[in-house]
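Shown here is one chain on its own, the form predicted alone, set out as structure tokens.
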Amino acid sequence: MSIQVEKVSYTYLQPSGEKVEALKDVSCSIAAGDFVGIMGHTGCGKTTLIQLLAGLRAPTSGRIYLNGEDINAKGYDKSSLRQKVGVMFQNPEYQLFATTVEKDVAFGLKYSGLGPREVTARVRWALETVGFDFEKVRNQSPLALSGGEKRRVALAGVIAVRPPILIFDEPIAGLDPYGRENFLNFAQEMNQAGTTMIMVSHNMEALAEYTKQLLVLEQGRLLGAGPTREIFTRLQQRKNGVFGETEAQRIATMLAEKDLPLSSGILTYTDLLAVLKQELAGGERE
């Protein structure tokens, strides 16, 4: 499913009565099957944007189309968005509420039209996909699990519906390196299977390594949109450098300052290792 955002703005009132423009005239396109990263400093409008994409808020102005349909048009079935767009916000473990893991994961399937056996099969698939033993965990209280396990249960609840679009808000924040790698590999596998992925993150390495397209927000405006590698290159060239560099870019810059320039286009550790191997191989031949 494709998403089209046309000149979307969102304004809200603070308790003091002051108006805040969270988003200002944002336009972008997300193709079906894409893996899109959303980057920007805290308060730039990232979470507001994904809430609008999921239909949880309506824009002050502008339109959002899902497969050509305006999701905020009068008569549009907002309840159908739950089946089309799955969202996992920051700290999803705080959203768990059911008495058992199985019931929690099955909640989103309540109005799916699936029979009891089909629901159980879907819940089993979702829990096993995120690394659980279904029989061992199904009757446990989700609130008794560890923080990482709670996150995985919340994730299972999102993917159990099998929406064609998945949106994640800072999904790897607070995870250890093993947990980050597991989640990112899972997201990549889901994307390769055809799911459209949208991921908000401050982790520049993860965005550089895994996403195909990148949206960059700054003070509510869309600063850049396009292929991830192209956008990172443009950000690196900005004079103020407010978004910084990936670690691989930073290492390449340090080597260049030490009169060890490497070829251009380095963005990820994979790029850096490939170039270093070439340099070392060339040195041996000489």
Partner chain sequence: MLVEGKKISFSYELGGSSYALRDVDINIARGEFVAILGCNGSGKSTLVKHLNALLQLQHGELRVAQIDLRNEEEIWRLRRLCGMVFQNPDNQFVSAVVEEEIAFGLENYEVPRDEIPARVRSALAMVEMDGYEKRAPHTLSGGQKQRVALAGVLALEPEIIIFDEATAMLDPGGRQEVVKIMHKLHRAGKTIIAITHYVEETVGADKIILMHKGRVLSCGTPQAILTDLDLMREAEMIPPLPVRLYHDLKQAGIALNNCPLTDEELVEAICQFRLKR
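Residue numbers count along the first chain shown, from 1. These numbers were taken from a predicted model, which means no experiment stands behind them.
Just so you know, the form predicted together with the partner chain exists too; it's not on screen, but the next bit is about it.
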In contact with the partner chain in the predicted complex (heavy atoms, 4.5 Å), from 99-107, 212-220, 165-173, 188-196, is stretch 165-173
Taking heavy atoms only, is E6 within 4.5 angstroms of the partner chain in the predicted complex? no
Check: Does the partner chain get within 4.5 angstroms of any non-hydrogen atom of Y178 in the predicted complex?
Finding: yes
Would you please decide whether S146 lies within 4.5 angstroms of the partner chain in the predicted complex, comparing each non-hydrogen atom pair? yes
(Q) in the predicted complex, does R151 come within 4.5 Å of the partner chain, counting heavy atoms only? (A) yes
Within 1-23, the residues having any heavy atom within 4.5 Å of the partner chain in the predicted complex are Q14, E18, V20
